[in-house]
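Presented below, as structure tokens, is a lone chain in the form predicted on its own.
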């Protein structure tokens, strides 16, 4: 009976998510799961598949790790606001909160910045029954408050000294890896005391596909009772910006000795005109479900 109750709970949450977006005229979409090019993300690995061998047309394809780029192709084609609930697949992911396959809710709102998107997510959470007090803290603020570290103005060598004193590894190639390690050890445990917390404006070294302004990348993560549930961005818009990020990521993968993909030129070809100003977020549905009573 417990298994059925969990299925019913999941169904009701998915229904409420769809109702929320329907009320705001956000269009549900479905994009391809099998792709020709793997992710270039330094810290995520695609799962590869050999297809069509028995019909003499063998090729390697990749299960998507996120619907992000395929959804951005739709945005570039004037889709307007869109969302998707889908299974995604990632290699080398196993742990208490990680899995090779999981359900993702991803959505994009045109004209939004990250603060408008965070407010929108709060509205969604309230529709799902999560009514906790909302706290929004910048990345710099939490490091200053909980660790007495000026994270935006502390260089790589100084962070290594701090990590060494804490007994943590300092064997990293880039500053962002050490920033993330310190966040996990010094900040995340404190977030368990904040039921609904957004951390925003990450260091530019952790920009991923978010816009950068001076020292910060305009992105955020949502924590519910200390569990990371969502990752959002003020999205890059131009072909040149994406090409620069892809090139940097591929170079890092090569330096780490990880599989090196080609640049996703089919995606770049869709950006002859910049994407509209938008903010987007990926929300882990299983992690979200675990926080709903």
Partner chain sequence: MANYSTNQFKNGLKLMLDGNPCSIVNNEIVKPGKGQAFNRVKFKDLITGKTLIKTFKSSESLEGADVMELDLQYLYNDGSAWNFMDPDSFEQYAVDGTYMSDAKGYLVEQDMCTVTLWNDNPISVTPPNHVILEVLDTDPGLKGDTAGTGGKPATMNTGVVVQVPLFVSIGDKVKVDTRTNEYAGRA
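Positions refer to the first chain, counted from 1. Treat the numbers as computed from the prediction; the structure is a model and nothing was measured.
Keep in mind that the form predicted in complex with the partner chain is not shown, yet the notes after this line are about it.
189 is the sole member of 111, 129, 80, 189 with a non-hydrogen atom within 4.5 Å of the partner chain in the model of the complex. For the options 61, 231, 225, 33, the one in contact with the partner chain in the model of the complex, meaning a heavy atom within 4.5 Å, is 231. With a 4.5 Å cutoff on heavy atoms, residue 161 does not count as touching the partner chain in the model of the complex; it lies far away. The shortest heavy atom separation between residue 218 and the partner chain in the model of the complex exceeds 4.5 Å. The closest non-hydrogen atom of residue 153 lies beyond 4.5 Å of the partner chain in the model of the complex. The shortest heavy atom separation between residue 89 and the partner chain in the model of the complex exceeds 4.5 Å.
In short, of 39-47, 52-60, 262-270, 25-33 it is 39-47 that has heavy atoms within 4.5 Å of the partner chain in the model of the complex.
Against the partner chain in the model of the complex, the set 94, 171 and 180 is in full contact: each member has a heavy atom within 4.5 Å.
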